[in-house]
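Below you'll find only one chain, the form predicted alone, shown as structure tokens.
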């Protein structure tokens, strides 16, 4: 399938990813609520265009505000960003940790359906409202709660990906896999230190490898992951505009300041079933393949990738899902530094979920904003080189245990 209409992304922004690790975070002091983050991100976007009235509709991605914040109906909070959004069509979408990707995808569909020229796409989550053990139960809703939660680990999702790591240890060798997982953590923090909004921006630990190699303690956590293998609990929001060619004109955004979506892919798997092979991210591979086919490219054509790394083992599975390396080859690919800023395929240059933070409903939007930054030369200290013969960026937004996936292939508009 080919795109029937050109689709662009522009005017991206995100808030600080607030949580443990940030100097301004204090668990016992009042913190901003969900409306604050939606307003901060949304207003930053509309400040970049001359007239907010050109926005035709809004989409907000969120996972569990009804439980973390006792707040539903988030679509009707979008008008708090600006009075001009009152009476505009607005939709709230949810796909677990892939909710942000679905927000972007929903905006793209409106552009392709020619029901809108300018869509404000936003993703948000505020989850530092409960203790971690209770938050783990809330997040368990990303799996099949009825059949999996009762007999699952107290730390439900860390346990699921711990099982994936354990399967990888058994199949490919503990030393190889653990070395790659540690390197992924090191890369994440090094990337976050280059991005002022990242949750690990203030991290000053000298020996990151030592932290990454901390032996797991199953008595207090899970069998095969330590705390550094995990993305942190985060509060934040990200937003951007999804536009048609006419939308670019209406917003007075120059082509050099926008990226074009040249391919997308979405795939879902059966939520009630465990993965057939825990050492592969099959649903992500399926969605990536669709995006490549639509864009007419291959992994070798990418300049960078923004992938979903809720855990270090997930990052490695996502690296393989890009197709840049084969099944079982991702471990050495990571350990050899080939996803670093100057590597073969740089990934997650602002820290990814582990380093930048993971405000679940907004992560896919944040990944897309970082892709827009890279392709338009706005990434600052984490800017990659985008070669003329490899002008594409890939984004993978994944929800649940590789169950709901949205992927995008982008290039700078007009290139």
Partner chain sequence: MDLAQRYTDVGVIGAAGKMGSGIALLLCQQMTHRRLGPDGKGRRFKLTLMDVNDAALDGLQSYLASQLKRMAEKSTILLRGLYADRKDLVENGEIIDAFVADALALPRFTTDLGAMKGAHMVFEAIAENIDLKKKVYGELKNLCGPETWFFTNTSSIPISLLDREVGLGGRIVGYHFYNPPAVQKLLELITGPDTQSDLIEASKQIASDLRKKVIPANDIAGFIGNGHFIRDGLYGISELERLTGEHGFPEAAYLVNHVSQDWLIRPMGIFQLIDYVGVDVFQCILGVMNRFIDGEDLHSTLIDALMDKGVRGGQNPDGSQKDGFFRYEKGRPVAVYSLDEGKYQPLDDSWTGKLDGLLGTLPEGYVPWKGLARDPGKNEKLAAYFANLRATDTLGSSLATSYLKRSKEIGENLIKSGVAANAEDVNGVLLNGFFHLYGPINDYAADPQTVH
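Model, not experiment: these values are computed from the prediction. Positions refer to the first chain, counted from 1.
Not on display, but discussed next: the form predicted together with its partner chain.
The partner is absent here; in the predicted bound form, the one residue of 171, 149, 300, 256 having a heavy atom within 4.5 Å of its partner chain is 149.
With the partner removed from view, the residue among 341, 75, 262, 136 that has a non-hydrogen atom within 4.5 Å of its partner chain in the predicted bound form turns out to be 136. Stretch 215-223 is the answer when you ask which of 97-105, 185-193, 215-223, 311-319 has residues with heavy atoms within 4.5 Å of its partner chain in the predicted bound form. By the criterion of a heavy atom within 4.5 Å, residue 273 is excluded from the residues contacting its partner chain in the predicted bound form. Contact annotation: residue 130 falls outside 4.5 Å of its partner chain in the predicted bound form, judged by heavy atom distances. Though the partner is left out of this view, residue 67 does reach within 4.5 Å of its partner chain in the predicted bound form, counting heavy atoms only.
Its partner chain in the predicted bound form is not approached by residue 88, whose heavy atoms all lie more than 4.5 angstroms from it.
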